[in-house]
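Presented below, as structure tokens, is a lone chain in the form predicted alone.
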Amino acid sequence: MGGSAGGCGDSSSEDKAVKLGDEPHVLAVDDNLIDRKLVEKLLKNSSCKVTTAENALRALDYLGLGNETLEGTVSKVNLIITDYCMPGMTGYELLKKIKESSLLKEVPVVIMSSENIPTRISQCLEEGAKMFMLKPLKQSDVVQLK
């Protein structure tokens, strides 16, 4: 079980729209390996296709919004779930970048954090987050995402 983050084949062949019957594709972003693996396992238990990224910049590259990506190459995801507190760029900053993108602004973003800070939660929800969840996530939390 090698844990390479992004090597899931050629995504350019996935030009067809994702139908509701297909398994949803979720991008999970967390700098903590254990938290990332937990989220990935919970999502896979709920029949989701999961791509992981260890930080917000990697996530932006994967989504086609980073400095390393060519214009117009957007990976198709149905949901983004991201940790709030990460080095370099926070989950909140990632949320803002996604919501500024004309291509991705409709993709729901869920923020997760181990800290229950009401002002942080309301700030994320005001910026367009679909949900704010406290870590560690449980299977019952993931069921709410569907």
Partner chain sequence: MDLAQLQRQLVDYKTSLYHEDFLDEQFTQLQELQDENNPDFVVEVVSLFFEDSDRLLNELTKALEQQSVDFKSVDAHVHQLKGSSSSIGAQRVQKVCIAFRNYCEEQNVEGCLKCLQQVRHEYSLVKTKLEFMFQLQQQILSAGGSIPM
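Numbering follows the first chain given and starts at 1. All of these numbers come straight from a predicted model, not from anything done at the bench.
Below: the form predicted in complex with its partner chain, not depicted.
Participant: I have 41, 85 and 114 flagged as a candidate spot, so tell me whether each of them has a non-hydrogen atom within 4.5 Å of its partner chain in the model of the complex.
Facilitator: Yes: each residue has a heavy atom within 4.5 Å of the partner.
Participant: Quick one: find which of 57 to 65, 91 to 99, 104 to 112, 33 to 41 has residues within 4.5 Å of its partner chain in the model of the complex by heavy atom distance.
Facilitator: In short, 33 to 41.
Participant: Though only this chain appears here, would residue 144 touch its partner chain in the model of the complex if you measure heavy atom gaps against 4.5 Å?
Facilitator: Although its partner chain is absent here, residue 144 would stay clear of it in the model of the complex, with no heavy atoms inside 4.5 Å.
Participant: Please tell me whether any heavy atom belonging to residue 137 falls inside 4.5 Å of a heavy atom of its partner chain, as the geometry stands in the model of the complex.
Facilitator: Taking the distances in the model of the complex, the answer for residue 137 is yes, it comes within 4.5 Å of its partner chain.
Participant: Is residue 47 near its partner chain? Define near as a heavy atom within 4.5 Å, in the model of the complex.
Facilitator: Output for residue 47 is no: heavy atoms all beyond 4.5 Å of its partner chain.
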